[in-house]
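One chain comes next, on its own, written as structure tokens: the form predicted alone.
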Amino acid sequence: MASDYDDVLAGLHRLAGRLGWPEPRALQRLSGGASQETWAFVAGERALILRRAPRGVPVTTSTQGIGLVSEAAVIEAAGAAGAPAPAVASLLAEQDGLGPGYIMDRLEGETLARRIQRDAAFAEARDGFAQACGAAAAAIHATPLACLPTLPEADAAAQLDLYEAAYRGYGAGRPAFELGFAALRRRVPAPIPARLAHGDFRLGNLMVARHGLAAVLDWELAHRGDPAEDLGWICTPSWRFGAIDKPVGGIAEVGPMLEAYWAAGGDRRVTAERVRFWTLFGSLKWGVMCLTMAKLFESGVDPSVERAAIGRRASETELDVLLMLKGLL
């Protein structure tokens, strides 16, 4: 029986023949990417990434995002608008035998949060990290909606309804979450025009090089929504990776990020108060997602250690919510 490696290599040979590319080599499966496969390879002198559905078979659950063809289209549109995104080299075709997906350029940089936060090699990048995030978010949000594929749309009220309904469905009855949802209900910001939102704008999906932000990755949760959502998500305590006193990814303060966002043309209705709403929402959202993982483990649908470990993290978000409500975080 052929291995995944053999199947992917054979498919890349078919793709190279179709596109007139040099023979693919140096194929390796990369870690990460819970919902999609990511493979690195080289064609001639060009370093490339294959992103495809697991084992080439698309999964159609709501947790899988917008689909790989739409994801590639979003990346291309955002890149054309000036967002730091990898160039899409080609969509996969049926005759390649790899399933749905696409090929993009492989960029140099680091995605591991602890290294970006601590290693001396990224000291210069950390100095301008808040500004780089603000400028990148402004470029993403400036992407013309007419250039995008059909995407889901949800403003603050709709997302609050969605995640509170999921929480209620679990019958969890967690006092910190009850307080958090009640506080958010009182503070839902007035709607502003929907823009392209990345949907998972945080360390882990930001590639950082020695001199700054190299690329925004993993666009599978892209949607049309409140532009402040992205800025609130990167400030969510869970994505500070232990450096809790620095809101922007455990590296920087919110003020410089917002100043850079506005300077790059971002909507000035995206204020610190609006970002704070989305930061609190981010903790509740991640908490509900952790509860989902716990239920998958408890039910036996996915009895993996990873699901159990993530499920336990709901308690961390409870503490984060309480500290934010007290103004201590």
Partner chain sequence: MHSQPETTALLGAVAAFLREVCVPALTGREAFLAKVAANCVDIAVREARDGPAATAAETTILQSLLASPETSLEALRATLCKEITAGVRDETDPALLEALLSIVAARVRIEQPGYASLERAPRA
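Numbering follows the first chain given and starts at 1. This one's a predicted model, so the numbers in the text were calculated from it and none came from an experiment.
What comes next is about the form predicted together with its partner chain, which does not appear here.
Q: May I ask whether Arg186, Gly242 and Ala309 all come within 4.5 angstroms of its partner chain in the model of the complex, judged by heavy atoms?
A: Every residue of the candidate spot has a heavy atom within 4.5 Å of its partner chain in the model of the complex.
Q: Looking at heavy atoms inside 4.5 Å, which stretch does its partner chain contact in the model of the complex, given the options 140 to 148, 178 to 186, 127 to 135, 75 to 83?
A: It is the stretch 178 to 186.
Q: Considering non-hydrogen atoms and a 4.5 Å limit, does its partner chain approach Gln159 in the model of the complex?
A: Taking the distances in the model of the complex, the answer for Gln159 is no, it never comes within 4.5 Å of its partner chain.
Q: Answer with yes or no whether Leu19 is in contact with its partner chain in the model of the complex, where contact means some heavy atom within 4.5 Å.
A: So Leu19 does not count as contacting its partner chain.
Q: So, in the model of the complex, is His13 in contact with its partner chain at a 4.5 angstroms heavy atom limit?
A: Answer no; every heavy atom of His13 is more than 4.5 Å from its partner chain in the model of the complex.
Q: With heavy atoms only and a cut-off of 4.5 Å, decide whether Pro191 touches its partner chain in the model of the complex.
A: Contact with its partner chain, no.
Q: Select from the listed residues Arg210, Arg106, Arg174, Arg118 the one whose heavy atoms reach within 4.5 Å of its partner chain in the model of the complex.
A: For this set of options, the contacting one is Arg174.
Q: Enumerate the residues of 197 to 230 that have a non-hydrogen atom within 4.5 Å of its partner chain in the model of the complex, in sequence order, or give none.
A: Read in sequence order, no residue approaches its partner chain (within 4.5 Å, in the model of the complex).
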